[in-house]
Structure formats: structure tokens, C-alpha cells
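Same chain, two forms, each on its own as C-alpha cells: structure 1, then structure 2.
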Structure 1
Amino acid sequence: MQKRVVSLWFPRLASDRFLRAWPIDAPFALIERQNNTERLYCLNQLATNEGLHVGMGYADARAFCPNLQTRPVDIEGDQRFLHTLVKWAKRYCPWVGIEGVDGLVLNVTGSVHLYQNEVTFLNDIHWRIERAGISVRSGMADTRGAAWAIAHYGKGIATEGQSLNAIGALPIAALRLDSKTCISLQRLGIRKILDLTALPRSTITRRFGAVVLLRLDQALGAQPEDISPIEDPPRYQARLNLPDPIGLEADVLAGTERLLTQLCDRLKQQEVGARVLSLNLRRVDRGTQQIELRLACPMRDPARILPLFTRGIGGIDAGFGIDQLRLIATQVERLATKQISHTTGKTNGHLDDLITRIGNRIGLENVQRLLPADSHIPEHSFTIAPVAYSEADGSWGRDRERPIQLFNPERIQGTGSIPPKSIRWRRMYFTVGHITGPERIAPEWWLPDENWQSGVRDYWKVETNEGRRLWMFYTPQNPSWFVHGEFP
């Protein structure tokens, strides 16, 4: 079967997209900022009629057309919109790729007959897109290059095997060449594609490089050219409809197990693991119950995930019964297939399951671990991070003796830069037996910290005759004494 390709070009994609949402009945342009000037990026028909063109300076355009309406361009939004169009175009064929920033290319081989013939096929595309308020130009040919040429510079359909006849009269710019090559070809008097085919091939390559002939051959079908289709993003969900409502916990669990098996197969194919799962239970009275399960690590093992659902399912009010179960992996993460070996311990999996279970009770962010941080400020020398979203790594410095417990600094009575002989702290009375210090710690001036506004601190380890060993500091710039921690 002869390959057939449709090329669609949306010449006013950006402005059409904007005007679909906010219709303006006046000359309109989207403005792009290039270096230090603002230039017209995309115009509507009225603006073109006023004599404006793309790439024109904004100030010039205002001079030509004082009632010009403008907005800044959103290039990312346009790309998202183009991807939406890709999804739409899949109603015509499964093989849809993106052409440049404002075009689509469809491999419609074998799907044209669904619309009687090629003319009605293209008419249907035009009718639907233009109804949505987007201007479009199209071309249909045997090759991607010829379809592109017709969409941008010509009109109509190149019937099978008639590519050269259809595009021969088009300018050479229709071969997707850069403007420099086009200008040099035009200087030689080669204005049409037919002129180019009349020349001996070796002279063209010698003068302009291989790209000119490559583009020509691609347009005429002598060289193949692929279309990379854009894949639909995978959807991770499974659904189970029940003819009769269920209400027993064991039944819901059995249904969930069936869905989990389906979902995990799909996760495995894509080499991802679920991070957040959501189980929606629809009751016969149309009420919905939702169970959200946040996992401590990406997982795709149904046997391990199912027990974690038990607690949530136990708390469900089934009412008059549940007749639909839907399981969605709302958040997934990459999880490559791993070789099982004797070094991968079993306990790790147990620990992750435990963290998931605890996390679903008290919140996954409340299950934390300590990580080393690069700071000499005692309370900043470690950070607290959720276990589920961090790795235990980094080494702990052991250079200086530090207390085992840190308090918020508690002020005590005392004067002078040497620790007082007797201390009253937390309604307890201590006499000092042995002191070690001072160790001066200066605040990190590059990080504002309220607790360190009293300036540098001289830290002392104070061993009391009563036994307690306190970590105290004196602030010489703002004389007072504080207890900051306790040694074992």
C-alpha cells in the first residue's frame, strides 16, 4: 500500500489560541521580547490586512496601526496546546508527530477509506479545526516533504505517485531549506523545484552540500523519512464494576487485590513504582469513599501493597453497598527492575512497609531521619528530613564533644566570663565541680538567625557535683549565661 502523509500547518496558532479564549474584534498581535526589542510574534488576519508582518518591531507596528491590541506570547502554553492537537488528531490515525512549532504530520496510510476519499478526509479535518477557531493549511502527498511543501506553499492533494507534478511549480523554499541556501539558488535563477530537478545532481552537491538533494529526494520519495509519533502518557488506573453491590471488608479487599494485580502489571511494563495510590469506592447511592495510601518508597508488588490497604478499608462506610472500585496511582516514580541477589536483604522491605503504615497514621512527613549538615552552629549541624523522601548518607563529624540533648537556650543567673560556682536551672540547684572550655562559636553572619543575634558564644562543659553535665554558653557581647544542652 502506498504511504500517504498529511501535513497540517497552523499559521496563526499562537494568536488563534489566545483569541479562542478572549475574542478581540480588532487587529491583534502577540509580542515576543528578543534581546532588548519587542517584536510581533503572531498576528491575526485583521492585523495582516493592516500591512503588519511577523518579526516587525512593536513600535513600528503601533505607528502603522494605532489601534493594535497586543499581549505577551506564552510559548510553553502554545506547545502544550499543540500537544492537545496531537491528541485530537489521533481520531484520524494513530501515527501523529509534531512538525516544527506550529504543525502536525500524520501518517494516514490505510485510514483514508474511513472517510470515503481523500478530499472528504481533508475537508473533515478543515471543518473541525476551523470550527474550533484555528486557521489551518493542509497538504496530502506520498511523502512528508511533499505534504509539507503543499501545506506551506501550495494547495490541494498530490495523488499517488504524482509528487513531482504537484510540487514542481512551488518555490524552492518549499523544500524546507534554510533561507541562505534558498537565496543563493535563486541568484542562479533556480526558483522552482522543477528547475532544480533539471540540473545535474553532482553539481548541486558540489556547490550547496548534500542537504539540498537530501530534501529533494525526501520530498520525491527517493529517500525515506520517518515520522516520530508522540506517545500518549501512560495512565495508571484500573476499574472494577460489580453487577451486585458488595459490603463486606473481605470482598472489598478481594476486589482491590484484583485491581492491584492489573495496575502493578502496567507499572512493571513501564518500569515505574507507585508512590501514592488512591482507591475510590462508589456506593450504590452515588456517594464516593476514597482511601489514599502514601507509600514510603516506590512499589509495584501487589502482595506487599494489599496489606497496607487493610486499615483504610476497615474504616470505610459501605452504606447500601459498593458497586464500583477504581484504583489510581496518582503519583509514580521510576523504579528500575533489580536483580535479586543474596545481598539485597529482606528487612529493608519490611522497614518500608512499616514506614508506610506509620506514615498513613501520623503523616509521612512526621517519620523523619537525621542527616548531617555542614555547619558549626550546634543546632544547624544536622537536618531533619522525611525518611520517605531522603537517603541516609553523609558522614558525621566527630571532632568535638557535643551534648546528647539540645534545648532551646534557657537563661540562668550568672555574671562574668567564667561559669558561676553555683547554678540554679530548672528549679534545681547545682554546685560546679569541673569546667572545660571555652569553645567560641561565632554566628553565621551570612544566614540571619534570630537565636544568634546576641553575637558570639563561649561554650563551656560544666560538670556539677550533683552529677548533671551541662553545656552552657556565655555571650560576651551581651553578657548573660544560658544552658543549651546536656551531656550523658
Structure 2
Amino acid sequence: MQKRVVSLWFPRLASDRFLRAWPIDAPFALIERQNNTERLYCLNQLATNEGLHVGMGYADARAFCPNLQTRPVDIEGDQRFLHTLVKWAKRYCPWVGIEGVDGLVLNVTGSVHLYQNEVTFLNDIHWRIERAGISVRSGMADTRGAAWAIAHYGKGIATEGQSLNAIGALPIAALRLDSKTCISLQRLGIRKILDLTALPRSTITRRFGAVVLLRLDQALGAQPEDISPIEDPPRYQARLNLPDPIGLEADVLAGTERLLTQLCDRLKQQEVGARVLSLNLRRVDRGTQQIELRLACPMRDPARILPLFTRGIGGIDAGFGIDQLRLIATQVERLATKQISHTTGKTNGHLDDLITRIGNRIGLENVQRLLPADSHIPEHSFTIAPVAYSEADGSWGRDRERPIQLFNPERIQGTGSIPPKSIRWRRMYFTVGHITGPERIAPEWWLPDENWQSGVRDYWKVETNEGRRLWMFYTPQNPSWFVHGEFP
């Protein structure tokens, strides 16, 4: 069977991806910063019609087209989208690879007959892709190089065994040569691929190196060129089929333990840990029960994970019995290798297990911790983050004592820059016994904050005779007193 290859080129992949989510009916371009200069990275058809082109300076483009709409390019997002297209293209054949940053290559040998003929095959690809709002050009030939050349510089399908006839009239650049080599060949009058085949091979090698002949032979099939498919991500799952149905909680736990041992062994081989586990129980009446366990940290220790399943397994309805158990790690994270010594041994992980138990009841996002932040403003000196998705990094400053309880500033009566002898706060009267201060805190002018528009604040630590220890401040610009926090 003759090998057949399809090359798909998405000339406006980045802009098409953006416009699918945010349509703009105007000349549009994505810009990229290169050597301290903003240049056009990808354009839509309207921008091309205005005479703009890729690599053009942004300032020049605005001079040619004042109504040009631009956005910064997201190269990582484009690559993720291209990998999504790889998964979609596997509907046509299992052997799909990536060609550069904006193309795919498919080995469709043995798959074309499912669509009657090659023309119908390519028409179906074009119809589905263009319906999704993505521009595409395609080429089909016996080799990867010939298919690429047709997709980028030609049009149509190369007949089997006739690659040279299909690409002979195409320019030299269709052989995937660099621009410097193409310019050198054109200066010698070699403008088409057919012109290159007429030259002695020894002369080409001596003057331009082996890469020119290599690309030519790959396009004509004299040299093989493999297609490296994108590997599917590993699936972490284990299944247990039971000859006799079970229904007792102890039996389900025993089966789950066997599955956990198999699954964790594979996780250790890949140096990853499970974040979300799904236990699927199939009953004899074909009904299913699912138990999802979200872990506070990546784990691969069966002894620690099994007790966390106890609550979920205790609430299942076994019906007439369970005949299949399947455990899947639906979300995994890489675990860094840690050196264990006599000073830093293994942690027991009791806190993570507790967070997992609480989080599976109220949600892991609702179990939060305070993290120190680099700011001298009391309200900005900490951030709140879920415990399961953050680490206790950083250290809290000890140079100034701060109250544990902090609330919105509450105005109180007082005159002068020294705390009053008696204050009325929250419908209670207090007599001031001892004061410490002031500590002047200035606002962060580079971060706008409406609460600090009054300017600097003079903070005082006030101990009352009634036992309350308050944190108060005075605003000199607009003379007023406020209570901001309370010490334990």
C-alpha cells in the first residue's frame, strides 16, 4: 500500500483562536515584542487586505491602518490549542504529529477509503475546520515534504508516485530551506524545484551542503522522513472484576486497598502523586456509584489514602451487590524527589489528612490560611489562600507588634494627636490606662487604596483599665481618631 501523508497548515492560527472567543469586525492583529520593538505576529484577512504583513512594525502598521485593533500574543495558549487540534485530527487517523508552530501532519495510509476518495477526505477536513472559524490549507502526497510544499505553496492532491510533477513548479522555499539558502539559489537562477533537480548533485553538495539534497530527497521519497505522533498522556487507573458480588463495607475497602496498591506503584514509577481520585463501583443491575476524593496534597501512599475513603464508602448503596471496582487518578501532580537524612526525616502528614477530611465535606477551597505579604500597610500585610493549593512560605515580621484581630477602621470621638483619656467605642466606655506610640505608617502611593486617601496614620497601642487592648490611629491631615484592631 502506497504511503499517503496530509499536511494541514493554519496560516492564521493565533488570530483565529482569539477571534473565535472575541469576534472583532475590523482589521485585527496580534503583536509580539521583539528586540524592544512591537511587531505584528498574526493578522486576520481584513488586516492583510489593508497591506499589512507579519513582522511589520506596530507603529508602521498603525500609520497604514489607523483603525487596526491589536492584542498581545499568547504563544503558550496557541500551542495548547494546537495540541487540542491534534486530538481532533485523530478522528481521521491515529498517527498525527505537529508541524512547526502552526501545522499538523497526518499519516492517512489506510484511512482514506473510509471517505470514498481523497477529495472527499480533504473536503471533510476543510468543512469541519472552517466551520469552527479556523483558516486552513492542506496538501496530500506520498511524502511529508511534498505534502508540506503543496499546503504552503500549492494546492490540491499529488497523484501517487507523481510527487515531482506536483511540486516541480513550486518555488525553492517549498523544500523547507532557510531564507539564506533560498536567496543564494535564486541568485544562481534556480527558482523552482524542477530547476534544482537538473543540477549535478555533487555541485549542490559542494556549494550548499547536504541539507539541500536531503530536503529534496525527502520530498521526492528517496529519503525516509518519519512522523512523530503526539503521545497520549498516561492514564492512571486500576480495575478489579469480582466473580461474586460484594456489598459489605469491609469487602469494598479490601478491594479498594488492592486497587490503591496497584495505582500507587504506577504513580511512583512516574514520580507523580494523585490529587483527585475517583472510585467507581458497578452494581450487578448495571447501576454505578461514584466516590470522589480530593486530596489536600499530592499523595501516593496507600496506607494514608485508604482511611480517607472510609466516609465515602460508608454511604454507598450496594443494591444487589457490586461486581466491579475501578479506581482512577483524574488529576495528578509531579512530586519532587526529597533527600531524607537523620535531621530531616519523613513527615507523618496528619495535618494534610485532616485538611483532606474537612475539605471533602466543606470544599478544599474553604480551608484557608494566612500568608505573609511584602507590605507595611496592615490590611495588605497578608493574603488568604486555600491550604491545599499553597505552602506556608515566608516569615512574619517581628519588629512591630500587630493585633491578631483586624477590622475596618471605626471612628471614635477625640481631639488632639494624643489618645483621649476616655473613649466610647461600640456603645462601651473605656478609660485609657497606658499608651504606646506613635508609629507613623505612610500609604503606598504606587498602589491606589481608597481607605488610605486620608494620608499618613499615627498608630497607638492603647491599654484600657477595663482590660481591652486596642490599636488606634490618628489622621493628621483630617484630624480624626479610629479603632483599627484589638490585641488579645
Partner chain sequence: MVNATMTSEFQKHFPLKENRVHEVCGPSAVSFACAVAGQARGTALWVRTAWQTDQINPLGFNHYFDPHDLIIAKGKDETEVLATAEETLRSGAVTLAIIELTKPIGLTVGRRLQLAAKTGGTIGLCIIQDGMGSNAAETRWHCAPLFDATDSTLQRWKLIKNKSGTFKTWDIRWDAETRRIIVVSKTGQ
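Rigid core (definition): largest C-alpha set, two forms, superposition within 1.5 Å. A quick note: this is a predicted structure, and the numbers were derived from the prediction, not measured. Residue indices: 1-based, along structure 1.
Selected structure - criterion: the form predicted in complex with its partner chain: Structure 1 is the matching one, since it is the form predicted in complex with its partner chain.
Rigid core fit then residue 468 CA moved by 2 Å or more between structures 1 and 2: Passes the 2 Å threshold, so yes.
Residue 156 C-alpha shift between structures 1 and 2 of 2 Å or more, rigid core reference: Residue 156: C-alpha displaced by less than 2 Å between structures 1 and 2.
Exceeds or equals 2 Å, Cα of residue 194 between structures 1 and 2, core fit: No, shifts by less than 2 Å.
Between structures 1 and 2, C-alpha offset at residue 363 (rigid core aligned, Å): So the C-alpha of residue 363 has moved 13.3 Å between structures 1 and 2.
Cα displacement of residue 314 between structures 1 and 2, once the rigid core is superposed (Å): Once the two forms are fitted on their core, the shift reads 2.9 Å.
Per-residue Cα shift, residue 252, between structures 1 and 2 [Å; core superposed]: Looking at the C-alpha of residue 252 between structures 1 and 2, the offset is 4.1 Å.
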